[in-house]
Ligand SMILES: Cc1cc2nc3c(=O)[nH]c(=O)nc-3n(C[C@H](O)[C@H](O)[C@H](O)COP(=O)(O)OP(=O)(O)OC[C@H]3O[C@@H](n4cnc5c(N)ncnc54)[C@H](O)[C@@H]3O)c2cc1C
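Okay, here we've got a single chain as structure tokens, the form predicted alone, with questions on binding and movement later.
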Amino acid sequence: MKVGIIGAGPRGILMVSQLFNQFKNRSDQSEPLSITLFDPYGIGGRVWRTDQWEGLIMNTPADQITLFTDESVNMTGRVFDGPCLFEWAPSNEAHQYLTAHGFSAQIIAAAAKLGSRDYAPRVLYGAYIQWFYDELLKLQPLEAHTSLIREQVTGLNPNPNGTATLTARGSEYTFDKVVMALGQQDNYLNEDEQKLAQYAQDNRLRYLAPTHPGDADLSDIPAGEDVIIRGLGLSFTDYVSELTLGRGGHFMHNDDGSLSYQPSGQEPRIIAGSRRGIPYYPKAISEKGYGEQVEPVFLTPENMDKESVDGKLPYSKFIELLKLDLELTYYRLMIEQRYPSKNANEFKQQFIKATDRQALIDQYHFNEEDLFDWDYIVNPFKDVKAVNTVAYQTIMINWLDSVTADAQQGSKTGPLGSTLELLRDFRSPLRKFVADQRLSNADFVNDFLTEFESNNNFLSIGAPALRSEQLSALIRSGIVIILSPGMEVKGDNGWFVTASPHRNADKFKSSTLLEARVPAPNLDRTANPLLEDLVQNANARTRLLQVGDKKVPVGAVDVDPQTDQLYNRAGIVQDAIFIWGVPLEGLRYITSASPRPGVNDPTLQTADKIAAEVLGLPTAANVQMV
């Protein structure tokens, strides 16, 4: 059997691993297995390539990253056990591998001292992927052959005989099965972005469209000049790090434990903002052990069934159940930390059983500043109306320092950080929630994909607490200025001009505008030539949901949800073509997360199932696809 895998990032390499596993341990091996990987960036793919700036770090603790399977994974293949990133990095084997393959002294040193709670350089994870692949090849079954073609696939067509032919740089390759393991892709610019890009071209300005930060070249941004950054999420953090640490600046701890920034003189001044006007919450320092996750007490199938109307859970009830879980953790930890005369476990039992939970909270006489206020958490500055930019920096520093201090207490200790950590722990139940179509199509499209996903990103996928502490220091040093909520950008008189006109009259101009966001997966706007080709030739379609009298696109590539085989425009399953991962965001939930050991990780489950399907073998039941 000949199998083509498009994409050599973590998912593509996992597919090789599980094909080997299924072929060796479950098939009769009557027919040789030939696997061809396609990726212009080589092993590791685009996001984890090893030639990017080494200061970019991962967003997940090192002990929660793996490519190996374990006993927790629901799969039919055998367990392929091995070290997670944290276990591998400081090992002699890793040191020898990194040295032999020419990695820098900085990366070798980072690997040697990597702790379980640390956030590894992305380059180091790229090295781990390459090492894992090399180990796979050493274990390759005798009747199997694997090769890599470092080219971009630009076309893919099913054939009448049940095979599929793909095109890469003018050459055609025919396979029995093709698996698309695509990661983050670029989109065509929207109308606003097109106008800004054209304005930049007309006025000889710099405009960086949304892209992955590892791809961005910031070297031509002059020192000392203002640069405008639109977006305050993860990409913003990456760009700020590269424009400060990447230019020779460094941070120092003061005697009082605070952090200060020592500039190199090569930094620009960064003017940043967004509609919300607040950077993402910092990620709490991990205190979780192997496979440790909190399970919902309120957001359970039983409770969702009780609250459902005509088989669908109203969005308001979903948020209500979720908030109860968040409140339970928040108040339990708040009692442990600040109310020694009260019993946290007793509160927990009372809260679970209570019919009037607000009355129970009132009985505990929490200080006003210690109350759980969901509206304030999702919009901390909702009461800030008119404020000048200078005053806003003080407000921002105070908020950053407060949430960072809580996050630094740890993911099982800090009341707020531990509460927000639940949104990460609940990813598996939420994936099932989405897969089971618990919400009506209208609630899913109008509320879950908009309000909930925006709030979830803001609350739970922020950078490590270290980066928030650094941002506070950069604001205090004057290197970074955060605009008030409601940032707007336009071209004016040969410059990019930004302001928050609903909060103040302050304006800033620059010759450089960076869009600090990664393009969202969207088949209708994708600039990926392969996905474009599939759509143009009627071999793929966008997932549509019926909302009222309209069919609404959700951006995801449409597949058979049981197998991840591609639907063509007519809705016919294309048996030879599979696609999984990031392009299915909207049909699935949180598709970009890295595999985690010990938690029955859905990425590992999905790789095993697709590998079995490709080889025509029985698959595991009740697999959570991602």
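The numbering used is simple: start at 1 and walk along the sequence shown. Every value quoted in this text rests on a predicted model; they were computed, and no experiment measured them.
Although it is not shown, the form predicted in complex with the ligand is what the next lines describe.
K.L.:
Scan E151, E93, D373, E295 and let me know which has any heavy atom within 4.5 Å of the ligand in the predicted complex.
P.N.:
After the contact test, the surviving option is E151.
K.L.:
Ok, R269, H212, K317, R476: which has a heavy atom sitting within 4.5 Å of the ligand in the predicted complex?
P.N.:
Exactly one listed residue reaches within 4.5 Å, namely H212.
K.L.:
With the ligand left out here, work out from 140 to 148, 319 to 327, 183 to 191, 301 to 309 which stretch has heavy atoms within 4.5 Å of it in the predicted complex.
P.N.:
In short, 183 to 191.
K.L.:
Among A223, Y239 and S511, does every residue place a heavy atom within 4.5 Å of the ligand in the predicted complex?
P.N.:
None of them does, since no heavy atom lies within 4.5 Å of the partner.
K.L.:
Do N539 and the ligand come within 4.5 Å of each other in the predicted complex, heavy atoms counted?
P.N.:
Looking in the predicted complex, residue contacts with the ligand do not include N539, since no heavy atom lies within 4.5 Å.
K.L.:
Within 4.5 Å, heavy atoms only: does G45 come near the ligand in the predicted complex?
P.N.:
Answer yes; at least one heavy atom of G45 falls within 4.5 Å of the ligand in the predicted complex.
K.L.:
Quick one: is P602 in contact with the ligand in the predicted complex, heavy atoms, 4.5 Å cut-off?
P.N.:
P602: no contact with the ligand in the predicted complex.
K.L.:
Check whether M58 has any heavy atom within 4.5 Å of a heavy atom of the ligand in the predicted complex, and answer yes or no.
P.N.:
Flag for M58 set to yes.
K.L.:
Note that the ligand is not shown here; using its position in the predicted complex, name the residues of 1 to 32 with a heavy atom within 4.5 Å of it, in sequence order.
P.N.:
Read in sequence order, the residues that approach the ligand (within 4.5 Å, in the predicted complex) are I6, G7, A8, G9, P10, R11, G12.
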